[in-house]
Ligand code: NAD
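Form predicted on its own, single chain, as structure tokens, below.
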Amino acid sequence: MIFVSLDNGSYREKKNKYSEFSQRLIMKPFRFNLPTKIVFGRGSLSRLGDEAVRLGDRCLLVTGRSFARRSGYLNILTEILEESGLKVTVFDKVEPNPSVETVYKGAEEGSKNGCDLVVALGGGSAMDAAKGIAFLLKSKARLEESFAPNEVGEALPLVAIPTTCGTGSEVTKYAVLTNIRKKRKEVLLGEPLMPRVAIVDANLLNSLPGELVAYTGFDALSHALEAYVSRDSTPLSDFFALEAMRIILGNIVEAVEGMAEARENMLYASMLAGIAINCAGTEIVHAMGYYLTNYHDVHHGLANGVLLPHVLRLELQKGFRKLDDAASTLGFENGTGLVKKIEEIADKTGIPRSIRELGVEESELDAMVADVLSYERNLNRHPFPPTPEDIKKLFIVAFSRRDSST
């Protein structure tokens, strides 16, 4: 509907404003499915037994190599599950950036013990490995023949319990696994991988080092921004992404410093960002970051944090005005103001200003560009087709120290 004014000038102005607003709200077809039951709040871990017993009888508890045992949560979870009548097998051999080989080992352990349910405790690595294991236990397929663009059709029920505030894997249909031989990230994709239940308890963040809060927090911020600029974004994914951005920008510094309330807010924002990428996926920031992780063992969130401002600046230089819309919604004058805020927060939370500080050498530049170009799935979601020259320029800029005053 167009509001008519007797004044022709006013009418034209209002019509133009309406047309601009309408253009931004034009809908395109999309699907949304969130089968995950979310149990959020401090103390919600106590609900684990009640939720898990509805899904199976023999549980494979998948977790990392140190945190769960060192913190005592491995014993706590095992006791909760066994008191609810489940038989528990522990697989605590998941490494950071879990490998295909580790997933096969976990599935072998689960199969040997007749497990019909998987519970994941940890950050993105543990949850992604658990998704791969749940898929193998149900399908008996080969991972190498199942990676994206294929979609998996079945998986055992999974309960996910995040212990960091960054990945959002507790609500996503993705499992990112590492092919060590090829030094490459591979993705399992499919709605059966989405956890049946996510138990999101901020008490598990109490002992998380501030450094990891910063890294995982920037992972969540990158998820939100990449989903927002993605060519697959929708008004619904934008809704989740913008709210995640707002919360992260307002809480990450205090969360790194140890404030409990800010950490809980970050955990919530991470989940929202996970829902956003479930709809819209990630783009070039992740594709660039994979090289740093695979070849230099850089934490995934840290890699994203160093690269994110440079990608956003390039998008602004290319005239991608949707970032200005996000900035306006979040209370900034324009997209440049939003990027400056992100860089300011990066400085405050200890994110290095250059990939050179991560041990990367400029002699690797051509190999880095070639590696990024191999991740077509991410590049295809970028708001404009990135050329090899664009990617090379981004890495060259990332070798220089960022300056949040510019």
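In case it trips you up, residue 1 is the first one in the sequence shown, and so on. Since this is a predicted model, take the numbers as computed values, not measurements.
Below, we refer to the form predicted together with nicotinamide-adenine-dinucleotide, which is not included among the displayed structures.
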item	value
Answer option from 174, 91, 268, 228, heavy atom within 4.5 Å of nicotinamide-adenine-dinucleotide in the model of the complex	174
Proximity to nicotinamide-adenine-dinucleotide in the model of the complex (heavy atom, within 4.5 Å), stretch among 210-218, 80-88, 310-318, 252-260	210-218
4.5 Å heavy atom contact, residue 96 and nicotinamide-adenine-dinucleotide in the model of the complex	yes
Touches nicotinamide-adenine-dinucleotide in the model of the complex: residue 110 (any heavy atom, 4.5 Å)	no
4.5 angstroms heavy atom contact with nicotinamide-adenine-dinucleotide in the model of the complex for residue 283	no
Contact label in the model of the complex: residue 28 to nicotinamide-adenine-dinucleotide, heavy atom within 4.5 Å	no
Contact set, 220-241 vs nicotinamide-adenine-dinucleotide in the model of the complex - heavy atom within 4.5 angstroms	223
